[in-house]
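Below you will find one chain, with nothing else, as C-alpha cells; this is the form predicted alone, and questions on how it binds or moves follow later.
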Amino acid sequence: MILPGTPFHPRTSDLCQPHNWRRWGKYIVAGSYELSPEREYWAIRNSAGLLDTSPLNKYIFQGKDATRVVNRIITRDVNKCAVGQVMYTTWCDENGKVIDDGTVHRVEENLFFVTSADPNYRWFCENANGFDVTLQDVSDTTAALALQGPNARKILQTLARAEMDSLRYFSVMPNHLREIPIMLSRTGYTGDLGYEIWMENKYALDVWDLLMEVGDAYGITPIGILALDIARVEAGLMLIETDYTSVRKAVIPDQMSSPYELGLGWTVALDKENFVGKRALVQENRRAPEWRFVGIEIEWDSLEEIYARKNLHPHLPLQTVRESVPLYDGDNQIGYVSSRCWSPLLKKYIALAHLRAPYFEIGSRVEMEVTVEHERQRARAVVGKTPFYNPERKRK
C-alpha cells in the first residue's frame, strides 16, 4: 500500500533532501530535511522550527451534551476547562488502563476540539450514544502545523490579526494569518515556546508559504520527526507505542498501563462525575504505585569507562533510540528504558524509563544495559526530574 502525503506534501517533498520519509498514522512525513537532524533540532531551541503535524487524529464534539460526553470519556474534569483553554489528558478502558492521550480544546461552551495519536472515532461514538451531541472526525480535512521555538511568537505576531499576547500557555483562540482563518493553540510537543496552527486543508499551502516567507528573517527551519523526537525526550514527553502500549494493542496484562503507572496521576479527577475507568482508578489510588514512568541520566564517566575497555571513545546515536533496554539494581532487573538520546543542549545522555517501586524515587541509583562491540555492559545512571529541559519562555 502506498501511503499518501499530507496537505503540505507539495512543499515538504521538495525540501526533503535525503527522502527519508517516515510513516505517521496513515501518512508519510519527513524524518529530516537534511541527512542529519542536528540543524533542525537547534532551530527548535534557538530560532523556530516548522513541523507538519497533520497526521494527528482530530475530532469535534458539539451539542448540548458535549461537556457531559467529553467528561465521560477523559480522566480530567473538563468542567474546570474554561472556554479558550486546552487540557492535556488521558482516557482509559473500564479497567483504568490507558487507551490514548491527547488534548482537549474548549473552543466554545459546547464545542470541543480533541486530538489524539491513534484513531478513536468509534470508541468516542460508543460513549456518546444516547446523548445530544454531534461527533465529527475531521482528521482528514484539517491540516496542522507546529511552530516551535523562541522566535515562534515573533513570526506569528507579524501575520496574526488578533493580538498574540492574550494567548496564554495551553490556550486556544480563533485567529487569521493575514486573511486566512485558522485556530491557534499555544501547545506543542517540544517543551519549548510553541504554537499549533489548525486550518482547513484548502489553506494549507498558503499558510506554509506565509510562515516560510515571514519566518525567514527569524531563522525558521522546516523540521522532521527525528528532531522532534529529541526535543520531546528532553521535555519528558511520552510517545504512544514507544513509551507505553495502548490497551487496545496490548497482548498481555503486563503491557497495559494506568495513568498512575505512567506518572500521569495528576490527570485523574476522581472527584468528578462517573467516567470510564473511574472505579478501577479509585481502587488503584488507594494502593502504593508499583511502577512509575521517570527520567534517568546516564553517567558520562561510566560510559567512558565501558568504552575505554575496548579502546574506544563513547559513540552515541544522533537520533532518539526507541527500544527497550533493561535497568538493573545489582542482579535484579527493576525496569526498562523505552526512549533514549544524547541531548545536544544539555550535553547529557538521557532516557525515559519505567521503574518498579522503590527505585523510581528521585536520586535512586540504577544501571542501564549498554552494548559495546557486541558485549553487554552496564552503565551507572540516576533517576532525575522531568522535564530535563524546561525554559521559562515556554510558559511566559
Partner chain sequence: MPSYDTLIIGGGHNGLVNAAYLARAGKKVLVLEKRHLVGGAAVTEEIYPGFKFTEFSYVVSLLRPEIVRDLNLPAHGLEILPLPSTFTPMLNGDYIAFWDDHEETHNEIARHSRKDADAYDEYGRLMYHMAKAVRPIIGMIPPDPTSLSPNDLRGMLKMGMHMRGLGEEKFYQLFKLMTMSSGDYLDEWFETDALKGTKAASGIIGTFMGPRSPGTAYVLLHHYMGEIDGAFRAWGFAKGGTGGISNSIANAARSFGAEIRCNAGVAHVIVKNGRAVGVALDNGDEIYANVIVSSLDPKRTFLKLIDEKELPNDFVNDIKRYKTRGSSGKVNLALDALPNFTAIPKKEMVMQTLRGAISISPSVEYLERAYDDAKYGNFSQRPYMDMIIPSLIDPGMAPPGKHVMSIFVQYAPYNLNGGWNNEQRDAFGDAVIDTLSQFAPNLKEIILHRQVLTPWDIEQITGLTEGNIFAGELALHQLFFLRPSPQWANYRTPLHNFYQCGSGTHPGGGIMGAGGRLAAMEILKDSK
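Positions refer to the first chain, counted from 1. Nothing here was measured: the structure is a model prediction, and the numbers come from that model.
Not pictured, yet referred to below: the form predicted together with its partner chain.
When you look in the model of the complex, the only residue of E38, E369, D329, D65 with a non-hydrogen atom within 4.5 Å of its partner chain is E38. This chain lacks the partner; the member of Y88, Y218, Y203, Y189 within 4.5 angstroms of its partner chain in the model of the complex by a non-hydrogen atom is Y218.
Only one of 113 to 121, 164 to 172, 307 to 315, 67 to 75 lies within 4.5 Å of its partner chain in the model of the complex by heavy atoms, and it is 307 to 315. Interface residue remark: Q17 is counted as part of the site for its partner chain in the model of the complex, having a heavy atom within 4.5 Å.
Taking non-hydrogen atoms only, Q319 never approaches its partner chain to within 4.5 angstroms in the model of the complex.
The closest non-hydrogen atom of L346 lies within 4.5 Å of its partner chain in the model of the complex. For T245, no non-hydrogen atom is located within 4.5 Å of its partner chain in the model of the complex, even though that partner is not displayed. Residues of 45 to 71 placing a heavy atom within 4.5 Å of its partner chain in the model of the complex, in sequence order: R45, N46, S47.
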